[in-house]
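Given as structure tokens, the chain that follows is alone and in the form predicted on its own.
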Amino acid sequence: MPQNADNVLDHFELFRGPEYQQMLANKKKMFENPRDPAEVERIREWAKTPEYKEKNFAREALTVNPAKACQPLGAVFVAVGFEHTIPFVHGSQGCVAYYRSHLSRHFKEPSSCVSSSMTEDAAVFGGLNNMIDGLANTYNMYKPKMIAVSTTCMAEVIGDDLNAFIKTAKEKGSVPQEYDVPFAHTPAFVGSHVTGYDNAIKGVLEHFWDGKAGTAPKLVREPNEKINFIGGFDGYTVGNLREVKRIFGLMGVDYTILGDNSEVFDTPTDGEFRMYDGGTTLEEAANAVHAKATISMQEYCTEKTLPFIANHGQEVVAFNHPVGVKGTDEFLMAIARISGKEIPEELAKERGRLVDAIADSNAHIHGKKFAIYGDPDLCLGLASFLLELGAEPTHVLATNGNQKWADKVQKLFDSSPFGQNCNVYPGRDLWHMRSLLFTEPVDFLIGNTYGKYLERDTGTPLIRIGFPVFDRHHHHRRPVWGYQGGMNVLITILDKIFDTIDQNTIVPAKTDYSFDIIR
């Protein structure tokens, strides 16, 4: 083999060596039941046709590469947003390893989470003993101020009752009786990570506001002038929440971020490991019941939470991951109306700079066709911004989007001349998107890391916006909300447009007549 200590080859080069190539060829011949290459190519080409697209869109009992994750991921995301809180997932260790790795690979940070380690015996007899032991171990080993419990498929299929299990665990002495253990049932076989976020954030608020599962008096609301803010499941939470805090600070608004995980997903390297960092304090979570209003930046991440808050007497306002000028205008005007504060000149100048940047670059974006996939709110926010730029969001797809969401996207299309030839696809997956990109091609694709396979397969350049982004680093540190965030999204889109132009004009004396220094 070519690998040796004096000349260590990276895998990029190592597996291209003749020894590995021969080994891989033998593996394919002997173990992979190979088919005639000509027949494989014929099927590959047929799978690009309108005929195949029709069959693809007719399938009902199969999902291929859904653009979503499962509920407990959203619950874990919520839990780490509270002060010294550790997520506790009632289920198997393998499930929890998935949530931790998914978050760690995106945010490039450790992701702490524990499991009740359910195995075959618990699946038959129930997981009560796992809960009793797990809560005791978590409380004693990691010293959290709060343990936030959620569930996986296994616990939900057998019907484990979290409320009863937690009460029993307290009676057995796993944690003190008065200790805070909010919970949410998050079955992974329905909904998605945004559903899990919704169930978990509601579970935390319900715990503090409604008497801690019957162990304390319900809180009586005494209205004040504070505004609660809920960001939703957001891959840009580090940059976005810091931008939102800056905006609130500039406007002089008294606020509480509910589920503030901007610090724990961006800890410094200074010699100290921070299992917990930042987060909404437990006192703030309880006192949030007294706020004047609650703003949710993502409607479909808070479909149950906002009605719960409204039933406690607060005004609730929901947005759809606002990106760009119009979205930020509406967000700031809502804050100004609720708080009675003026929008400061500094933010007005930032707006003007974004408008100026759009005008500077409009010729390169106007008329371009885009396909978008991701979470429902993100798709709405990006589609709105593209229409604002004079682009066409030709295909908008959300595996976890429903018909209500689709109707809202269609209404957005109908509001703009650039939306007339655009279509929305609720409940569809990335294999559907593949058919769309082959039969109704667009100029660019916007989505998470998993779109790179579509980029390779269809040749559609991918612009990475969303969650997860595994194969690029530190995007989560930049905001996409606010005028500054809109500028970041604009630059991200433009960079890909210019890179693609350069790549398509790079051959000397053949295509380089447009290989320009100035764009």
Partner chain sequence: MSLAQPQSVAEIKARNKELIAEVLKVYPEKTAKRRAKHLNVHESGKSDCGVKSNIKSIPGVMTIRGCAYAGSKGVVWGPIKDMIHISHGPVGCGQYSWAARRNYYIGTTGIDTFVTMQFTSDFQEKDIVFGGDKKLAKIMDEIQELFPLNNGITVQSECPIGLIGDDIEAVSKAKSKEYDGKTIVPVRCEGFRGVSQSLGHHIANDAVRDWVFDKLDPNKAPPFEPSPYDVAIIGDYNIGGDAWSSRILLEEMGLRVIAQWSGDGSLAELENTPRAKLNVLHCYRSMNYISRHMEEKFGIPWCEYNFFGPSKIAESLRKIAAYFDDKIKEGAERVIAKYAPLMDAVIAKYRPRLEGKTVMLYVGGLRPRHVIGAYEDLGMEVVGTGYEFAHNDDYQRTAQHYVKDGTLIYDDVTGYEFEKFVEKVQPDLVGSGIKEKYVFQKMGVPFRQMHSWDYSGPYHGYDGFAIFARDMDMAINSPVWKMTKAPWKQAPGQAGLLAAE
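What you see is a predicted model, and the numbers here were worked out from it, not measured in a lab. Between two forms, the rigid core is the largest collection of C-alphas that superpose within 1.5 Å. Numbering follows the first chain given and starts at 1.
The discussion below concerns the form predicted together with its partner chain, not included here.
Note on the partner interface in the predicted complex: the residue among Ala318, Ile343, Val289, Met154 having a heavy atom within 4.5 angstroms of its partner chain is Met154. Of the listed positions (Asn402, Gln93, Asn224, Thr215), a single one reaches within 4.5 angstroms of its partner chain by any non-hydrogen atom in the predicted complex, namely Gln93.
Within 4.5 Å of its partner chain in the predicted complex, a heavy atom is found for none of Gly390, Phe444 and Ala509.
A residue is said to contact a partner when one of its heavy atoms sits within 4.5 Å of a partner heavy atom; Pro268 meets this definition for its partner chain in the predicted complex. Looking at Asp360, you'd find every heavy atom of it more than 4.5 angstroms from its partner chain in the predicted complex.
Proximity of Phe183 to its partner chain in the predicted complex: non-hydrogen atoms within 4.5 Å are absent; the residue sits far from the partner. Contact annotation: Leu354 falls outside 4.5 Å of its partner chain in the predicted complex, judged by heavy atom distances. Stretch 83-91 is the contacting one of 83-91, 322-330, 335-343, 240-248, since its residues have non-hydrogen atoms within 4.5 Å of its partner chain in the predicted complex.
Looking at 95-121, the residues that come within 4.5 Å of its partner chain in the predicted complex, counting any heavy atom, are Ala97, Tyr98, Tyr99, Arg100, Ser101, His102, Ser104, Arg105, Lys108, Glu109, Pro110, Ser112, Cys113, Val114, Ser115, Ser116, Ser117, Met118, Thr119, Glu120, Asp121. Here Asn26 counts as shifted, since its C-alpha moves by at least 2 Å between the shown form and the other one after the core is aligned.
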